[in-house]
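One chain is shown next in structure tokens, namely the form predicted alone.
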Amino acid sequence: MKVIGFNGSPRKNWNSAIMLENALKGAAAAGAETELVHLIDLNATGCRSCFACKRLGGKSFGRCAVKDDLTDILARALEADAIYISAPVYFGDVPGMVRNLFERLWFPGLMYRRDGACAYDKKVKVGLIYTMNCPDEHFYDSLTGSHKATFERFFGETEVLCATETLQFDNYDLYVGDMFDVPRRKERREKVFPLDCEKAFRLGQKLAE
């Protein structure tokens, strides 16, 4: 069992990264071989609309033809048994580098066929983890639902996990942030975030079993 995890946050040791690390620990506990990729370290773009992935008889048919830091990693992801992607939500969407990853994973699988057939012949389990500053009542279910549906179309079983009202800073006194209830945020960090991390561990374990 091979699992590859993508950290879609520019921070390597904060909310999204911590959640992903717990998911990968869960996968490892289930006996999986895991790999962690920080997208911020890569020089990569999104889809370039070259359509090489759809050219009949082409050497890149069904695969992304773009050559950059994502090329070999995407090949490993498509060969894996499970893919975990953890990302913060900024302005109602994932960061650009995560969207780039989505495009490079999704578009080569899309065939313009009437029967809706996919170019990928292997099912890969997907775990989508989101961290966000907003409270539960403002949860971006339309965003996560759209991502889930698209991954299910091309890869198969996909599960979503979200952590809300996450802590933005170590020390709020150093930043503009008086709109936040800081004591509440810190309390959630101590009491709720560990539970979110446990959920991430269980999710990682479940998908790797």
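Remember, it's a predicted structure, so these values are computed and weren't measured experimentally. The first residue of the shown sequence is 1; numbering continues from there.
There is also a form predicted in complex with a small molecule; it is not shown, and the following applies to it.
*Asks:* Counting only heavy atoms and a 4.5 Å cut-off, does the small molecule in the model of the complex sit next to every one of R11, W14 and G92?
*Replies:* Looking in the model of the complex, the three residues R11, W14 and G92 all sit within 4.5 Å of the small molecule (heavy atoms).
*Asks:* I need the one stretch from 64-72, 161-169, 24-32, 37-45 whose residues put non-hydrogen atoms within 4.5 angstroms of the small molecule in the model of the complex.
*Replies:* After filtering at 4.5 Å, what remains is 161-169.
*Asks:* Is N133 close to the small molecule in the model of the complex, meaning a heavy atom pair under 4.5 Å apart or at it?
*Replies:* N133: contacts the small molecule in the model of the complex.
*Asks:* Can you tell me if P108 lies within 4.5 angstroms of the small molecule in the model of the complex, counting non-hydrogen atoms only?
*Replies:* Although the small molecule is absent here, P108 would stay clear of it in the model of the complex, with no heavy atoms inside 4.5 Å.
*Asks:* Would you please decide whether Y140 lies within 4.5 angstroms of the small molecule in the model of the complex, comparing each non-hydrogen atom pair?
*Replies:* Contact check for Y140: yes, within 4.5 Å of the small molecule in the model of the complex.
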